[in-house]
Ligand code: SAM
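Shown below, as structure tokens, is a lone chain in the form predicted alone; questions about how it binds or moves come after it.
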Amino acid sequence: MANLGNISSTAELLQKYQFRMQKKYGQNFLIDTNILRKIMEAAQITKEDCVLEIGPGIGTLTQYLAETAGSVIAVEIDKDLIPILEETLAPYDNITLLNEDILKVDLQKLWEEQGGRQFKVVANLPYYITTPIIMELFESHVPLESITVMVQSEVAERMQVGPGTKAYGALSLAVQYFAKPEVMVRVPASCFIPRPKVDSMVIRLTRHINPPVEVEDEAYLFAVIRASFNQRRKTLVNGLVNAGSLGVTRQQVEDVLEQMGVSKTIRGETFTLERFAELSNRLGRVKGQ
């Protein structure tokens, strides 16, 4: 029976183990059972699911997942939390606890060890490393049905906005290439200890069966996108040429934009995903010539 998720039980457990938060891991523990229930509703977990949880902390959300899912793999980087997790998760026999850095875990091997079952990811992600984790999950190409994560509100907004907005960028395009983003729950800072400086959102990323655009070289597409936003104040041409790793000349970039009917003074923040797909396909064909 899940018995965490409130301030008294959380504080008591942390005191028992003399646990001290480490800023480098961005640790904030959820203390609101209503939000926990809403996360579970958003994630749509069933007994058929294998859930990958990143950063279980003291096991607050993990307990709820274990009671609902068929199996749970909880990956925690902080070795000082492992004794706490071994206590809080002791009643459950469907949890695999790994003391690892998720960015160093072989996700393909992990998936194979689970018999090739499709994953659902559920996590309260540390703010400082949200984007690398999201990108690693998608680019690993391990079969993921959905990713339901708590992130900083600003990051959740970036995942779902369109071109022409200040928040629009490489993360927006990457997420929308791989998945359909939906904000499910808004979470005030008061729902955590220690209290973070900003509010959070729970966002569900439902994986596309097929990407919404046709791309000849996926890795090259994301190289083009990153180059286009590395220097937001510069034109798209300058961003692509200055990247130095795309294998194209200024003249080739300008020629491609002219073929697309686009001004060479345009900025990347105005391009849709469809436009970036066309741009990367065209540039990919002329690079190195």
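This one's a predicted model, so the numbers in the text were calculated from it and none came from an experiment. One-based numbering along the sequence shown.
Form predicted together with this ligand: not shown, discussed below.
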| property | result |
| --- | --- |
| Residue (of E157, D78, D199, E182) lying close to this ligand in the predicted complex, criterion heavy atoms within 4.5 Å | D78 |
| Partner-contacting position among I147, I102, V72, L173 - heavy atom within 4.5 Å of this ligand in the predicted complex | I102 |
| Contact stretch among 125-133, 89-97, 174-182, 109-117 - heavy atom within 4.5 Å of this ligand in the predicted complex | 125-133 |
| Contact label in the predicted complex: Q63 to this ligand, heavy atom within 4.5 Å | no |
| L30, heavy atom within 4.5 angstroms of this ligand in the predicted complex | yes |
| Proximity of G239 to this ligand in the predicted complex, heavy atoms at 4.5 Å | no |
| E53 within 4.5 Å of this ligand in the predicted complex, heavy atoms | yes |
